[in-house]
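Let's start with one chain on its own, the form predicted on its own, as structure tokens.
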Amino acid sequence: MKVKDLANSDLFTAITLPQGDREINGVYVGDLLSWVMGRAQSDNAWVTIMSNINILAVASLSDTSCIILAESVKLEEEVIKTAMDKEINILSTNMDIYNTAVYLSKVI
């Protein structure tokens, strides 16, 4: 599945989508940034509730296909602008982390 396909579903909203054609090959769920950085795989969709600018560094270093912000987490404009500059895909969902992961495990 491509990130843009997930963004086009009714359950997700694209916040930034500069690389919508990136493939998602798995899912990683976590909020401890150092843990995610060492364990998320390239092209994973990363599900989190973290919203500070450090998520962009972790996504970049881990080469995740996208960050998915669960539970309607909002981002500051500075983070959104930086994500666009760094070409990092960010999606949002109203679902909680558990249900986001369950849903993704069925469609990816």
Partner chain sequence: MPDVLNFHFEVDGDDFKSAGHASFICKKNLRQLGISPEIIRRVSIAMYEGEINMVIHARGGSADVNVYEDCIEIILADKGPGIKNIKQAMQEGYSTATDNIRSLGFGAGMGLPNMKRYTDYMDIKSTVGEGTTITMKVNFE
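Positions refer to the first chain, counted from 1. Just so we're clear, the structure is a prediction, and the values are computed from it rather than from any experiment.
Unshown form predicted in complex with the partner chain; subsequent notes refer to it.
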| query | finding |
| --- | --- |
| Whether W35, A40 and S62 all lie within 4.5 angstroms of the partner chain in the model of the complex by heavy atom | yes |
| Proximity of I80 to the partner chain in the model of the complex, heavy atoms at 4.5 Å | no |
| Contact test in the model of the complex: I53 vs the partner chain, heavy atoms, 4.5 Å | yes |
| 4.5 Å heavy atom contact, V58 and the partner chain in the model of the complex | yes |
| 4.5 Å heavy atom contact, D31 to the partner chain in the model of the complex | yes |
